[in-house]
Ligand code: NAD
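The chain below stands alone and is given in structure tokens; this is the form predicted on its own.
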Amino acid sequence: MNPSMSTASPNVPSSASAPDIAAIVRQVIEQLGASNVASARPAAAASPSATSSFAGANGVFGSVDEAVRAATEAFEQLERLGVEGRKKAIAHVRRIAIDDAEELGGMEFAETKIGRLDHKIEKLKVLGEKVPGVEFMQSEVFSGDHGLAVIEHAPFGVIGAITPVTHSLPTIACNAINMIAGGNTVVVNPHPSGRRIAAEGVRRFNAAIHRDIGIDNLISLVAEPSLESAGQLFNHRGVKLICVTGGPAVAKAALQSSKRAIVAGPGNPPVVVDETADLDNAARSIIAGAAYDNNLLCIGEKQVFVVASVFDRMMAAMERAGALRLSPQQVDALTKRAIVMAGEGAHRHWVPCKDLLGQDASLLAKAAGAAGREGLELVFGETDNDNPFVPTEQMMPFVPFVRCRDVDEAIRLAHESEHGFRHTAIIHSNDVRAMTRMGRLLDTTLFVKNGPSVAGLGLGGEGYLSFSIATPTGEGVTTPLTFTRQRRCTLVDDLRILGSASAVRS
């Protein structure tokens, strides 16, 4: 269902009636609200910055407590400016993300040293264009014999956010657009390895917003983030909601918090290719998705299961599309370098080697003993299902290909490799029944057919973009509505415009 559509009761005879009623109700509510605000607040409060004690900080603070208090003050000021204030604030985040993309993207690449510079820049530009804002904030109206009910989407207040190193500033900017559109403010505890670019982006966003609407610190940030500061943010009484984007450890911590949490956790997206697929399209799509930002995207293709009857042709299609195929010996050499064991006892598991995480395909080729080339985007090779690359969210531009007896085995192995994260899955097939079987079994938040994984976020496909995909807690691809709570206003009997004529005469 389109979130922007209003829901009306069956008693409303035409779709044109609900907006008219909604307009009347909103006008009444606004008039009541204006009189209450006027009586409750001094006249000086009409200027958002008049009483601000944190103005000029531009969102960067030395402690969690300072950041939360500044964000609380900003939230109270934003409430007084309404939806138009939110719209103006969001416009500055979008504009700076687009206009300063090359500079900010370069700064993020220089600090984090992972991914691809061109994609760091592109991520900022596309979020400025495709992340939804206040247009999602549509009220729902029910009208019937007993009056009216208006369901509005109200803010939580101050949101505490944890962001990853893989998309440090893009995640902050994307979440800020969604959260401010919902009427909230946010305090960010960024990943320590991306803290400088996070602070620079937050400074620019807040400075522009402050100059325009007089509110500073809509987006606040802990300048020196740590595990300790993350814990303080989780437990601060001024934080009303938690939003976490990251790996298994931080996702688990958020799920154990006493506060409501929106958790964008890990993924390990599998790909199935069956005998009916357009193999050249499949190859181009796999490269486009798995090579994007050197496979740092949580939705990126991580392992491919191909039906045996077309396996060799699929490998040839990958080479035609520009990927470099590694020999079995080279795959073994890369596996030993790229995937290592971590943890103790029952908690031991495979993890990507930090030295190769998010590095260029040519560097992976060299680590495997192969010769890379300029412009190489992806390396790949045949493995068995037991290779550590298959169950590991490797976040590097190497993709293992597993030969399968038939499409049913491919779907079963894909399901096993995804670990029940229910994050993302991709299939290349012209068999609708195979698509249906895979979709039902894996039950993922994103399920992409015959395209690259990024199409699931509106990049080459339909829909909208977000860098936070909340799979463990079920919200899915986040929008402004994700960061709101429902509030219902009911008017009993009054304003029954659609009442009977006899009722009106009486």
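Just so it is clear, the structure is predicted and the values come from calculations on it, not from any experiment. Residue numbers run from 1 along the displayed sequence.
There is another form of this protein, the form predicted in complex with ligand NAD, and it is not shown here; the text below is about that form.
Of the listed stretches (322-330, 249-257, 68-76, 176-184), which one has a non-hydrogen atom within 4.5 Å of ligand NAD in the predicted complex?
Within 4.5 Å of the partner lies stretch 249-257.
Give me the residue from V93, A264, I427, M396 that has a heavy atom within 4.5 Å of ligand NAD in the predicted complex.
That would be A264.
Just to confirm, with a 4.5 Å cut-off on non-hydrogen atoms, which of H210, H191, R86, R204 contacts ligand NAD in the predicted complex?
Checking each option against ligand NAD in the predicted complex, the one that comes within 4.5 Å is H191.
Is ligand NAD in the predicted complex near all of T112, N294 and Q359, within 4.5 Å of a heavy atom of each?
So, no: the whole triplet misses ligand NAD.
Taking heavy atoms only, is G128 within 4.5 angstroms of ligand NAD in the predicted complex?
Residue-level check for G128: no, no contact with ligand NAD.
Is there any non-hydrogen atom of L227 lying within 4.5 Å of ligand NAD in the predicted complex?
Close contact exists here: in the predicted complex, L227 approaches ligand NAD to within 4.5 Å, heavy atoms only.
Considering only heavy atoms, tell me if F61 and ligand NAD come within 4.5 Å of each other in the predicted complex.
No, F61 is distant from the partner.
Taking any heavy atom pair closer than or equal to 4.5 Å as contact, tell me whether A410 reaches ligand NAD in the predicted complex.
Answer no; every heavy atom of A410 is more than 4.5 Å from ligand NAD in the predicted complex.
What residues in 140-176 sit within 4.5 Å of ligand NAD in the predicted complex, counting heavy atoms only?
The stretch touches the partner through I162, T163, P164, V165, T166, H167.
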